[in-house]
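Coming up is one lone chain in structure tokens, specifically the form predicted alone.
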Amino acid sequence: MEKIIVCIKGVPKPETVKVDPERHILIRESAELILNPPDKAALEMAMRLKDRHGVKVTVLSMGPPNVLPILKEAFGLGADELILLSDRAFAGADTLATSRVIAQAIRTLAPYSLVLMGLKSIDGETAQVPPETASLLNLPSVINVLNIIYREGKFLVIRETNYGEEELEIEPPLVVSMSPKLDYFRPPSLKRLLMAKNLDYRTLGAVDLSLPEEILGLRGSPTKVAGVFEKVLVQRGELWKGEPEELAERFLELLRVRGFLKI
């Protein structure tokens, strides 16, 4: 088996999300990022295959430089090579523009047998990047995968469908998006996390990947967002104090006023 490539994403921690009201995009540079939870399944499956077959695992992520701690987290789990896809030209990319960058980066890493991704990202919830990337690479795409077994030069892929589980036998290379429903997720190695403090990694931009800027980022995104806004929580409740009988009568009166009681 050739090496495995795992694509992971740093997503904004929910309470740190900010939006650009003019460009209608998330402001990722200032957000506190966490590893996209579904991507943990992709990393875990890569490590299981590495344990069984001794294969090299390369992890890549597209985003601003503050994604680096997420890559180091992947190294703590057992990744061998880290690649950051970062360029101002990538900013504001929709799923298609993102897939173009990821697909081109994967081409530069050939030969490989398997590309693993999480099923979707919690900041987008589209699940489009894995199959779009596979299409651009002209590779088979399998989604919502529960397990992968490599034997006799082929992958046995077990995926969840609306009607149960399905087994597929596919020759490499292929692109797989993992279901988050794995039975076990290993903890990171403390030794490797300490090693990651001074870890070398590669950074690739638009020029390195020979990608024209007109197909990247906001310019190259056919998806148009009409508007974005930050959710504002409005407290509408009231705090009542008093004796139980008094509070009960007050509550009954409120129900009468609102039309819930006719007595």
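Remember, predicted model here, so these are calculated numbers, not experimental data. In case it trips you up, residue 1 is the first one in the sequence shown, and so on.
Beyond the structure shown, there is the form predicted in complex with a small molecule, which is absent from this document and is the topic of what follows.
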The small molecule in the model of the complex has a heavy atom of only one listed residue within 4.5 Å, and of S179, S135, Q128, S189 that residue is Q128
Quick one: of K72, R100, R159, K120, which gets a non-hydrogen atom within 4.5 angstroms of the small molecule in the model of the complex? K120
When the small molecule is placed as it is in the model of the complex, which of 49-57, 32-40, 197-205, 232-240 ends up with heavy atoms within 4.5 Å of it? 32-40
Is there any non-hydrogen atom of L211 lying within 4.5 Å of the small molecule in the model of the complex? no
The small molecule contact in the model of the complex: M45, any heavy atom under 4.5 Å: no
Does G124 make contact with the small molecule in the model of the complex, using a 4.5 Å heavy atom cut-off? yes
Within 4.5 Å, heavy atoms only: does D87 come near the small molecule in the model of the complex? no
